[in-house]
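Shown below, as structure tokens, is a lone chain in the form predicted alone; questions about how it binds or moves come after it.
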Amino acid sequence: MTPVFPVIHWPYLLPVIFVVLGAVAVLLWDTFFRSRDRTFLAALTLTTLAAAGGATLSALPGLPGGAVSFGGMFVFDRFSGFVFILILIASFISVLIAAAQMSLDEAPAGEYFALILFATSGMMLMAGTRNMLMIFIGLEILSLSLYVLAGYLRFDLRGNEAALKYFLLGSFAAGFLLFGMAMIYGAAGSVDLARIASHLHSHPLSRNPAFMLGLGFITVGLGFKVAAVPFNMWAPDVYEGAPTAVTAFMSVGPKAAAFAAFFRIVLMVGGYAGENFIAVLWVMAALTMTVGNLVAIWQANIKRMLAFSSIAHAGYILVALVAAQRGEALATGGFLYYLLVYSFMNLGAFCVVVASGRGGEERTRIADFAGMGYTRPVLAAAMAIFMVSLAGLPPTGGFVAKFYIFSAAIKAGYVWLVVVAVLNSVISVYYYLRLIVVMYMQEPGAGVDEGAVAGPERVSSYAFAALLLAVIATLELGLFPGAVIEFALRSGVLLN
């Protein structure tokens, strides 16, 4: 019998290979060389991410339809290519933020940056596959890295609590996900989404209801990862307790990877679940938006406020998922564009939180930002731009991103869901603009110890680079969205 070897398209695997090799290189350098300079390790990590991004961009022009490697365990199409670029950008900015956070100076730098790279590789595997088993493997690589990163400051009790909560709840959610995949395997006889779709096309769902149960468990597992209601209970505590640089990273990258896997599963096999499954996603989207925005109003800690903001934005993205389930092409492209804009504005907001600290001490109360518009005008202006964009107001990228998602939902016939989303956007304006009011309309030191925010403007070069990139991208994606949205719309077609 002649052995059959799987087809492997090595050029399309290069981005993941670069990231993994970079993680190993960072670990080896930190282990065997006495010079463990934090600056060098950060530069090596940034170079690795840039190389992976270059490999991704170079592979896209020669990609007419897509490339399948290892029998579907790795898929590189325009959808996964766009998500790869998004994940690499998020990791790049997160490394800049980590290099700027003084509280991480005494922590081992090599392990930190290596964990960022390993988490990035896990996210890329989740986005670049149509095999459920590979989705789970990528998720576990990502999750194990994040569990360690959340409690990276070993002597910080809040970080230890955050890591423990994240680990326990994350393990529980992973069990749901794996059990759901097992149920679908029992129903369809495969873990490959294309083969599952073929089987379901030939065998109506009514003959095998185990598929519906499995899809429900998968929704629970991925719903936890994107912090959708009612699986959002971990997010505020973990976001608050983890180092701010870690919070920034986990608020964007893992969400993008989980949503990419969610979209691929739902668009390839979710249509066979019928109207009941769409109704579940509809209700989940409405609840996630509403709970996130309403609870964010009462937060006095900016990291918790951004955590509930992140939950609300997961609800907006779920609107795109509901519309995409109806076959609306604008929905998937709008989803990709929304994730890109969200990455810049959310990472930028966390970068301001890091840069506003003094003497290695984080300033996380909203009251700590009183008067910042006068004492630290550059940081205050940047934060104002990010808050306006998160609220979805023009002329920022947040407005354009919401416009495309809501337009897709209306075209798909979900007018009432868009009404709920618009009302939630109006609610969110209150707590986003409240921070701007605190920065520009309250006296310095109001509600905070003297000297907490006062002092000359000093921003590290890393934080300045991250802020500059985030501000330019947030404004550019709002003022000149044409080329990027066209790229996102072309990338919204999945390879079956």
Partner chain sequence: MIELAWLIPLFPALGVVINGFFGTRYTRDNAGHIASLMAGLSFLVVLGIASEMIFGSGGTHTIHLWDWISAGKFSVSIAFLIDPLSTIMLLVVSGVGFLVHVYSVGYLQGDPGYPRFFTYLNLFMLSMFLLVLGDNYLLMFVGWEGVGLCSYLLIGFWYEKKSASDAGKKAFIVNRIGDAGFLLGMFMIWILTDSLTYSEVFQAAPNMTAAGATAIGLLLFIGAAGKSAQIPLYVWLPDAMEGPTPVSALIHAATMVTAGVYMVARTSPIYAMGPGALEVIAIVGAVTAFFAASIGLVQNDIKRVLAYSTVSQLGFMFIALGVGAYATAIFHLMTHAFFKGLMFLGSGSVIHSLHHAPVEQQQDMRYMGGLKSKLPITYWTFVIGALAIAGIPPLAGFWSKDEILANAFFTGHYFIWGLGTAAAFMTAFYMFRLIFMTFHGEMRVDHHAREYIHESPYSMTVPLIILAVLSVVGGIIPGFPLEGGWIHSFLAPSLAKGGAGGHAASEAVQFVRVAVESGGGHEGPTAIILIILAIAIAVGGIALAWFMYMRNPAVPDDLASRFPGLHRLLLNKYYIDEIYEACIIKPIYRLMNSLWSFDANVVDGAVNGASLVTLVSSRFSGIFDLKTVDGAVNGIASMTKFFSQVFKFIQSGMVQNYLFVMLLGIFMMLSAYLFR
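Not measured: the values here are computed from a predicted model. Positions refer to the first chain, counted from 1.
Below, we refer to the form predicted together with the partner chain, which is not included among the displayed structures.
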Notebook entry, point to check: Quick check: do 224, 426 and 430 each get a heavy atom within 4.5 Å of the partner chain in the model of the complex?
Noted result: yes
Check: Is there any non-hydrogen atom of residue 22 lying within 4.5 Å of the partner chain in the model of the complex?
Finding: no
Check: Taking heavy atoms and a 4.5 Å cut-off, does residue 472 contact the partner chain in the model of the complex?
Finding: no
Margin query: Is residue 237 near the partner chain? Define near as a heavy atom within 4.5 Å, in the model of the complex.
Written below: yes
Item checked: residue 400: touches the partner chain in the model of the complex, heavy atom cutoff 4.5 angstroms -> yes
Notebook entry, point to check: Out of the stretches listed (83-91, 146-154, 173-181, 70-78), which one is close to the partner chain in the model of the complex, meaning heavy atoms within 4.5 Å?
Noted result: 173-181
Check: Looking at 191, 295, 141, 366, which has any heavy atom no more than 4.5 Å from the partner chain in the model of the complex?
Finding: 295
Next item on the list: Check each residue of 380-408 against the partner chain in the model of the complex and list those with a heavy atom within 4.5 Å, in sequence order.
Entry: 393, 394, 399, 400, 403, 404, 406, 407
